[in-house]
Structure formats: structure tokens, C-alpha cells
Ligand code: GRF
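Take a look at this single chain in C-alpha cells; it is the form predicted alone.
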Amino acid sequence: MGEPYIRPRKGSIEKPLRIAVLISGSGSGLLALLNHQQSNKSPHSTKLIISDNENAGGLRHGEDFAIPAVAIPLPDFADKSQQRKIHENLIHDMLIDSNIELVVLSGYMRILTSTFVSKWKGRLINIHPSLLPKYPGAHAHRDALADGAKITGCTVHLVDEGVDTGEIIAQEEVEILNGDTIEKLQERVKKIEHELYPKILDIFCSQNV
């Protein structure tokens, strides 16, 4: 769909890929990634944290790990199309100014436009809380439970111009238990996400995928 994927250079322990992590909330996935990078020799290094939410708790991880962390909220424009364009341009400019080589979405709740995606396609990666192509979108756990599914999980994928339709890199299953609520299921899937995402980023940044 749309432009081809253009992958980043091969990262190494000696010269890790410079990554930016985009968040919207508490940044639990970001924290798992930062702890992984600090505890392991890794082919990637977080150099920038961006949130669309000024009150995102995850921004504090920047101070804790001495990484620039900035909020770029939506500008105040009545024209929603113009608002999205300006917002994404601000993010893009900061990524370029920070020499970012890979953009990692971790609980980032905004759908990116095809214009932004086309600039980063192949260097824009996401984790989604379902076994795609099942249950795309913002309510994956609700949809899985409503469907009576017995298995769900998470998917690491490249971002393309669609919604959760990009090339799948890795998946891991999570059993849905009797009596599961959205909150219970979300917590179990999050634990798997926090283990899978850093590990797959290691592989992807080494270009062994």
C-alpha cells in the first residue's frame, strides 16, 4: 500500500540506531524499553521521547534516564486537517533535528496521516495488542472479548498508510481466560508486549528480520 518500505541502516552495539519513542500516556512500554537498553548491549538507543499529551506520565522517564522528553500537543486550529498537518510537521521537524533513524510507537494513540507515514515508512514501527489482522484499532481487547475469542496477543508491525495494516514482524499469543475483563486482559497482554517489543527491536535494528 502506498510508498515502499525503506528500512533504516543496520544498527550495532558500537553504533546503535538513534530512536525516538512516541507515547500518549503512562509510558509503561517505554520504561520497559529503556530498562532493556540500560541492562543490555543493544543496537538501538533512545535519544528522544515525544508525547502528544502534555500530561503524559511517561514524559518523566526522560528526566529519569537523561533523555530529552517533549510534549507536542495539537495546535489550536479549527480546521482539523490543518491541525493534523501542522502537528505532524512539528513532530517531523523535531525528529530530523534530533537525527532520529527509527520512530517507535509505544502507546501512541493518534492515527498518523499517510503524508507523515510516507516520510518514515520502513522506519516507523508499532506494537498492537492483538494478533493482527484480527481486532485492529483502539479497542482490541473489547473486540476480542465481544467476539468470544479464546486466544489474543500482540503484534509488532511496520506502520503503513492504513490502520494496523502494515507488515507483521512478530506476534505472541495470550490466552483469554474465563472471567476476563478488558482490564485483566490488558494487563496480561501488556506484560507480553513489554518482553516482546525490546527483543524484536534488537533483531529489527540488527536487520536480521
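Quick note: we count residues from 1 along the sequence shown, nothing fancier. Remember, it's a predicted structure, so these values are computed and weren't measured experimentally.
Another form exists, predicted together with the ligand; not displayed. Remarks below refer to it.
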Revision key, fill the gap. Counting only non-hydrogen atoms, the one stretch of 111-119, 125-133, 73-81, 86-94 within 4.5 angstroms of the ligand in the predicted bound form is 125-133
Check your understanding: Of 62, 27, 43, 166, which residue is found within 4.5 angstroms of the ligand in the predicted bound form when only non-hydrogen atoms are counted?
Key -> 27
Check your understanding: Is there any non-hydrogen atom of residue 190 lying within 4.5 Å of the ligand in the predicted bound form?
Key -> yes
